[in-house]
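Here are two versions of the same chain, shown separately as structure tokens and labelled structure 1 and structure 2.
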Structure 1
């Protein structure tokens, strides 16, 4: 698996498509499949990814409490000639990820349609491949288990992330009685969390730029000792702080707004994992469908 990720990274450098998601996927692969020393440093790098961009090899080794040789070996195992190449790549991915939406739109002006569609196709493929890495699959299974054991599950997302929160909670509530519909009206997030208890779970969804309402919701949930499942674009996201589970979805691509296609896939995977271990999901969905049909909600 790491071999193919390295190939994708090399292609990305040639094509100018630098992605944080692919690099983090490679780091996660080292976390699982490398030596204990490299694995431990990979874990640190996932949590402190942006630090790589701002420090020399010795300075990074000092703050990570590892040997400088470990940093160099780590860089080479990722497919780079040395640490400086890794550092420049991380700097590039941070610049790409944090570009303002308006500037992303500017970059689309006068783009050749064939070239644009080709890049879109490539980014969708790479985002999908990144999402289906073994480490993400494990995180999705763990998140599903957490949701299954919760008394109530609250899901929050605003602006473009609301579509993901709504989909997850709407489809989820058909099959699972503990999943609560995502709040839409002003103030409803606080109203829901005011009633939440330690036995409940918060599914918090946001990406850069991170919505203040969702970051605050995660803070409230942690204060209530609830478990937080963060569905977000980066391990450096404020939603990941003390989160029980983190599902990182890649957002790379030339669109003027970061793509949410992988986020929708992530919540669909969670729902599928939930249904695969539920004896009640099918019956609950059938009852829901029958009621909608009975009262004319569907036109057949």
Structure 2
């Protein structure tokens, strides 16, 4: 009787496992609701999902550092007949050549969405390729050098560009002492620039239409003879006036809004260029993260 209930649960877990998402969700369930060893192996499987399709019981057990039988028990807990059964299911979720049935399901997806995605992909490729062109590349390297030798670095961006400014200054301030966090409160941009000096650098981020606050910030920096790094979509942008470095790339996308993915990449590239010349960047970040871990900011 008890066995029957157990069996029922087993099959309930397996009900209609076809897609990768469903299968992973079932594994996730085991990670949470199972015995320690099975749970640990489930965790491994989630990050090494495709290996299940590729290896035998023992081979999988070897690379996952578990007992071979754990793999079999894991498969059965998931509701499969055995490992081979699980393996075939994983394989079918990884198959590039689809069966007639799933092809039909695919065809149901809104055609607009297919067009949309492929157009987005194309514009991502196009925009980000610009970043790797020699001229943009050297602008990025130069900007990084400029930042490195600055006394203090201020970053400004508002509205949707604030996310770019936030990312750059948040990660940057972890690793480099001279980088300060981008101001978020109203008026804080001016407060910050009021204290800025000639040896400081302003990273100004704005795209068409250009935000009045950022253009104004660049003007103030210019008046103070600070160096300005302009991250923008065109040389015709008012940010580029007297800018020390201009990182320029298109933000055009097929959607209703320009895409800022290239901008995000651009600041990541600056950060990477900065880190590549610093011996203690990763150390600083590690220290920072250890602190957060210590005080419960991250779950362990």
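Rigid core (definition): largest C-alpha set, two forms, superposition within 1.5 Å. Numbering follows the first chain given and starts at 1. The structure displayed is predicted, hence computed values, not measured ones.
Panel number for the form predicted on its own: Only structure 1 matches the form predicted on its own.
Superposing on the rigid core, I want to see if residue 246 changes position between structures 1 and 2 - specifically a Cα shift of 2 Å or more. Stays below the 2 Å threshold, so no.
Residue 266 C-alpha relocation of at least 2 Å between structures 1 and 2, rigid core basis: False for residue 266: its C-alpha shift is below 2 Å.
Superposing on the rigid core, is the Cα displacement of residue 233 between structures 1 and 2 2 Å or more? No, because once the rigid core is superposed, the C-alpha of residue 233 moves less than 2 Å between structures 1 and 2.
For residue 42, what C-alpha shift in Å is seen between structures 1 and 2 once the core is overlaid? Rounded to one decimal, the shift is 58.1 Å.
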